[in-house]
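We begin with a single chain expressed as C-alpha cells, specifically the form predicted on its own.
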C-alpha cells in the first residue's frame, strides 16, 4: 500500500488580501484535496504580522469568522521551517522539550498579494527543493508587478493599451512632473498600485482634476504606480490557464459590469456573494458570463493572446490572464496577469468540465512534474578555485 503524500496548504499572510486567501485555502484547496482522499493535508496559516502556525484547527472557517483565531494564536506554538533536504514543519509540543515534525512532499500556496503570490514564498520552496503548485519565482514576481508584466509582454509584441509608470517617491518629489508624464494619454485613465491584486487602490479618472487624488490613493498602497489609458468599446475578459510547457486554457469569462462600474473589490467579492445568486451563464457569484459573449474571431484571438502571455511570462501550474478588447477595432490588449487566481477560478474550470477535485489534483501533478524536470538540471560545479587562496 502506497503512503499518502503530505501537502502543506499555506495561506493568510501580510497582505491586503489576507481574508481572500483564507477562503481560497479552505474552500477551493483544502476541501477538494481532502475529498480526493489521495493526500494528507496540513494547514499552515501565516498571521497578519507574519507569524506561522500549523494545526488541523486552522481548517475550520468558524475559527476566523468568530475572531477566535486571536485567542488561538496567543496560545499556539509558532512553527519553524527546516529547509534541510526538503521542507519540514517544526513546532514545540505541550510537553517540555518535545517537538513535532512533519516532512512536506508538496506545497500548495494559497497566498494572494504581497509576501506570497509575488515570488517571495516560492524562493523558500526553491531553497528547500520541494515541489510546489503554481508559478515559479520569476514568473510570480513579473506577474505581480503590473509594470514588469507590461514590459515583458511588450517585448514579445503582445499588444497593450498606452501606459506610463513612476514611483511614489517621484510623486512626493514633484507631482507636476508626474502629471506631465501622463499628458500623452487620453482620458478616461486607470490609476493602479503596481503590485496589488483584488482591484484594491484602483481609481478610474475621467478628468485631469481627479488625477492627483487618484495618484495619492495608489501611492498609499504601493511604491510603484501605473497609469493606463482606458480601452474604447470595451469588453473585459479573463482567461484561467493551467499547465507547464503545454498550457491548457479554460473558458473565456466576461464580467457583467459596465466600464464605469469597473471591477473593484466590492464587485468581485462582496456584492456578488450577497446579491449575485449565481445569475449569468455560470459565472462566479453571478457577476460574469461563461463563455464570454463575443464573435468567434475575437474569442479565438483573446484565447491565443492569453496563452501567449502565459508562455512569455514563463508561468507554470496555474495563472489567470486579464485582457481588454476594443470590440469595434477588434483588438485584444493584455491587461494584467494573476499568478494565483482567487478561489483558483474553479467556477470557470467547472464550466469547462473540470471538477474542483480534478482541478487541485491536476495542479499537484503539474507541481510534481516540474519538480522532477528541475532535478535533471546540474546546479553544482566542481572547480579548483579555492585552492588558489
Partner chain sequence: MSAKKAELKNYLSIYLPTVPYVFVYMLQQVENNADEFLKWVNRLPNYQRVIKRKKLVLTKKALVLLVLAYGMAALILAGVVLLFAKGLYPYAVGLFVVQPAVVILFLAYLNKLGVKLIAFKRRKDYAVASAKLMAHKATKIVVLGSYGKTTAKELLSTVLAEGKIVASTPGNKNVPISHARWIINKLTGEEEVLIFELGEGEPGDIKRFCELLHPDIAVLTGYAPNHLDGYGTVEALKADLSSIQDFVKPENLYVAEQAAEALDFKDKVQVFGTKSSDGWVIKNIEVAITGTSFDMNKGSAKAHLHSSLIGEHNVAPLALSFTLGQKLGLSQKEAEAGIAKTLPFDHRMQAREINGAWLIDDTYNGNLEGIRAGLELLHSVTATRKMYVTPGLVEQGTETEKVHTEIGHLIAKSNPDVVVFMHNSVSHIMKAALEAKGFKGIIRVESDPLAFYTNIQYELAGGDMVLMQNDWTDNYA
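Numbering follows the first chain given and starts at 1. These numbers were taken from a predicted model, which means no experiment stands behind them.
Just so you know, the form predicted in complex with the partner chain exists too; it's not on screen, but the next bit is about it.
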- Message: Can you tell me whether residue 330 touches the partner chain? I mean in the predicted bound form, with a 4.5 angstroms heavy atom cut-off.
- Response: no
- Task: Classify residue 350 as contacting or not contacting the partner chain in the predicted bound form by the rule of any non-hydrogen atom within 4.5 angstroms, answering yes or no.
- Result: yes
- Query: Is residue 37 close to the partner chain in the predicted bound form, meaning a heavy atom pair under 4.5 Å apart or at it?
  - Reply: yes
- Query: Is residue 356 a contact residue for the partner chain in the predicted bound form, using a 4.5 Å heavy atom cut-off?
  - Reply: yes
- Query: Exactly one stretch in 52-60, 317-325, 356-364, 331-339 has heavy atoms within 4.5 Å of the partner chain in the predicted bound form; which is it?
  - Reply: 356-364
- Task: Just give me the residues of 15-32, first to last, that have a heavy atom within 4.5 Å of the partner chain in the predicted bound form.
- Result: 27, 31, 32
